[in-house]
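Below you will find one chain, with nothing else, as structure tokens; this is the form predicted on its own, and questions on how it binds or moves follow later.
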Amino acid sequence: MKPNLLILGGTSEASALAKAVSDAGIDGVFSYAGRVEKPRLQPLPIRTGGFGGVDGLANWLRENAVSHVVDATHPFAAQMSRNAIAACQQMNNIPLIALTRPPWVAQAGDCWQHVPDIPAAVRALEGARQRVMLAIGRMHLESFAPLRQHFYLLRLVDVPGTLPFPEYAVEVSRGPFTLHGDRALMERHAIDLVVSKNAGGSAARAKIDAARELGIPVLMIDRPALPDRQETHDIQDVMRWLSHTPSGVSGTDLGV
């Protein structure tokens, strides 16, 4: 039976997968969480917004006769990933695979301080004033609002509303970014520290490489832990999985 796919998207990898799926003539829907005002167009039908938790997602899978699910969300969209695992299990083990980015690994010359989550990153910033590139997206900015002593450089996809900081600068742009551009950005704003989620991949890596070249330390927020699931970093693995995994049974181990 021809697959009917749900792609949980929002990343550049998800968009590349949507093109591969469309080119292969596979039916599917591309789902955005709805946090970006102007999401990228896709070659598949698009839905936007939440599903209403595990039960809501399970009902949507049932009502739309979904045969396979690919979780290509951001590595820090942990609740959506957990919901996808649970909903697929609830629906008689609809096959699920995660298309993830390999995490960044510190290299010679990097000066990283690892923290497990956003609250730990906030605690690490208590203390003397710094000029901070807060490269964490829009969702968690309020968590840093009590730390009013710092200057914050924020890079956001959309123009923000009111921000909770007395001193800041905003760069509205969408990746991929370049080493030259990010180095110039940090130098222009005299950045002392970069705060980053370990998003992995290449589109947002430039800030990590620029920080290394400039000798700027990085406060690295580690990825959240998730239940066991099948994962790959390779779109072609997903395409092979789609062609070899029948609906309603657990997928085979790709060894990736």
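None of these values were measured; they are calculated from a predicted model. We number the residues from 1 along the sequence you see.
There is also a form predicted together with a small molecule; it is not shown, and the following applies to it.
For the options Ile191, Ala211, Leu61, Ala199, the one in contact with the small molecule in the predicted bound form, meaning a heavy atom within 4.5 Å, is Ala199. For the chain shown alone, Val115 is not a contact residue for the small molecule in the predicted bound form, no non-hydrogen atom being within 4.5 angstroms.
In the predicted bound form, no heavy atom of Cys88 sits within 4.5 Å of the small molecule. Proximity of Pro164 to the small molecule in the predicted bound form falls outside the 4.5 Å heavy atom cutoff.
A residue is said to contact a partner when one of its heavy atoms sits within 4.5 Å of a partner heavy atom; Pro217 fails this definition for the small molecule in the predicted bound form, lying far away.
Contact with the small molecule, judged by heavy atoms within 4.5 Å in the predicted bound form, is confined among 107-115, 144-152, 89-97, 129-137 to 129-137.
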